[in-house]
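Starting off, we have a lone chain in the form predicted on its own, written out as structure tokens.
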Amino acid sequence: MLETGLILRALARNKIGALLIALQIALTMTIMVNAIFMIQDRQQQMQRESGLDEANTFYLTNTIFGQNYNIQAHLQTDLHMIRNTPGVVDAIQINAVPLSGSGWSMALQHESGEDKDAVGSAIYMVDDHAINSMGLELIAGANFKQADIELRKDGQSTWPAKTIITKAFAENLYPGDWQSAIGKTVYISQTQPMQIIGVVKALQAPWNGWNGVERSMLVPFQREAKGSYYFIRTEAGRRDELMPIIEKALAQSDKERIIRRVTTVEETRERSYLQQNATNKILTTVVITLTLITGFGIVGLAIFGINSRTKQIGTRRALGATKGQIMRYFMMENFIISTFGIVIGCVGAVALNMWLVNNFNLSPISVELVAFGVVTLFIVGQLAVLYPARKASMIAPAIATRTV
């Protein structure tokens, strides 16, 4: 208690320096906790399962420029050739690719008619090979049958009678009982009935930043379009080997179209999250830089205090204070300053997080994260003051006497 009183009186004589360091610690605490929170939030987004067999799937674009081109006949020929290539598990034509950033969306509603509540979803137009080609897991209901597949012409506005949706979409349509979605009739384009025949575990939409990214639906369409994707799944470990083989086979089989953009799903995921990755690196750099600046600030304040109190330290040493007691004095002083700054920082961190939650629809920070920030800054403070405190403890009583 006596030592605490001495420390408080010493801090009062140099309150500006101590206050600045405390405020720096508070600022670091506020920014650090919220930056780590945002890093964790983005990291969780990037780790969400797409629902695809990403390691063994790739896709390419098929762009037709020939005149009087029989799209339907060539589509069947292409799919037959790809599916019968040794090492290929399955393949489909598809209108969009998950996480690619470009796709289609529609909304489903429980009742027919305008002004009814509807839930948005990404749409993938596929045939009965989609579940196998994409590596999806059917967890309820049934797959499409060959007879369900329709040919969709450009500009067509009608939709098939059946659909398969994701579990997240089913939970949104039927809260509390997603399995009840099987067999239910919903409406697309406000009035067209569509029966839900199956539910897959997961399939992400093309847009990773959309709040409904887990809501997707498969519709049994093959498109009669001059531009489309072929989505291909290979046996484990054979994707890279088969990519150039299939590209070359398709290109050589037909000179009235262009085969390009042969891309793995893993590349698409990496490209999709480039911005999030860059943001996380920037936030990490900010946190590390701020923490280092705070640490160096504590070192500077401690050294300044020691230099200005050499006589006092020498006197205490002459009166019998041990090196350990001198070190403890300065570490306790830093602990008091850090505590003051951290308390202000906790208030600032919560206030900033409340603002982020209200303006950017983020979740509140956890108590564990705040505790992590508190412990980290206490450790940084004590490590930063360790060298100056040891230097103070080395001051000899004789040296102090000569300064009188």
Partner chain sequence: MFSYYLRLAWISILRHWGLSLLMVCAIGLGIGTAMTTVTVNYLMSANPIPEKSQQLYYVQLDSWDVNDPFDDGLNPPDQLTYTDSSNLMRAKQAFRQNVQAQAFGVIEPADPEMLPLIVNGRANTADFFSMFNVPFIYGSGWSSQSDESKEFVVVLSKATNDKLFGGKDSVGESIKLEGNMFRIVGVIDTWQPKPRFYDITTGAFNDSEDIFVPFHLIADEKISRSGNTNCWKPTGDGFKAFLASECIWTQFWVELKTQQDKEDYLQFLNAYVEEQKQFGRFQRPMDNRLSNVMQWLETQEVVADDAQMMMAMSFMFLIVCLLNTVGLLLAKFLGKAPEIGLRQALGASKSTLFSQYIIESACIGLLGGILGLILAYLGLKGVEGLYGDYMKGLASLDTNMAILAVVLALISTILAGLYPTWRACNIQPAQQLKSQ
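Computed from a predicted structure; not experimentally measured. Numbering follows the first chain given and starts at 1. Superpose the two forms; the largest set of C-alphas matching within 1.5 Å is the rigid core.
Absent from the display: the form predicted in complex with its partner chain. The rest refers to it.
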Even though the partner isn't displayed, in the predicted bound form is residue 35 close enough to its partner chain, meaning a heavy atom within 4.5 Å?
yes
Look up in the predicted bound form whether residue 315 has a non-hydrogen atom within 4.5 angstroms of its partner chain, and give yes or no.
no
Is there a heavy atom of residue 355 no more than 4.5 Å from a heavy atom of its partner chain in the predicted bound form?
yes
Does its partner chain get within 4.5 angstroms of any non-hydrogen atom of residue 73 in the predicted bound form?
no
Interface segment, criterion being heavy atoms within 4.5 Å of its partner chain in the predicted bound form, picked from 185 to 193, 235 to 243, 142 to 150, 73 to 81
185 to 193
Taking 4.5 Å between heavy atoms as the contact cutoff, choose which of 43, 63, 339, 363 touches its partner chain in the predicted bound form.
63
Of 262, 161, 258, 332, the only residue with a heavy atom within 4.5 Å of its partner chain in the predicted bound form is 258
For the three residues 372, 376 and 394, which mark the spot I'm curious about, does each lie within 4.5 Å of its partner chain in the predicted bound form through at least one heavy atom?
no
For the heavy atom contacts within 4.5 Å of its partner chain in the predicted bound form, list the residues of 262 to 295 involved, in sequence order.
274, 275, 278, 279, 281, 282, 283, 286, 289, 290, 293, 294
So with the core overlaid, does the Cα of residue 363 end up 2 Å or more away between the shown form and the other one?
yes
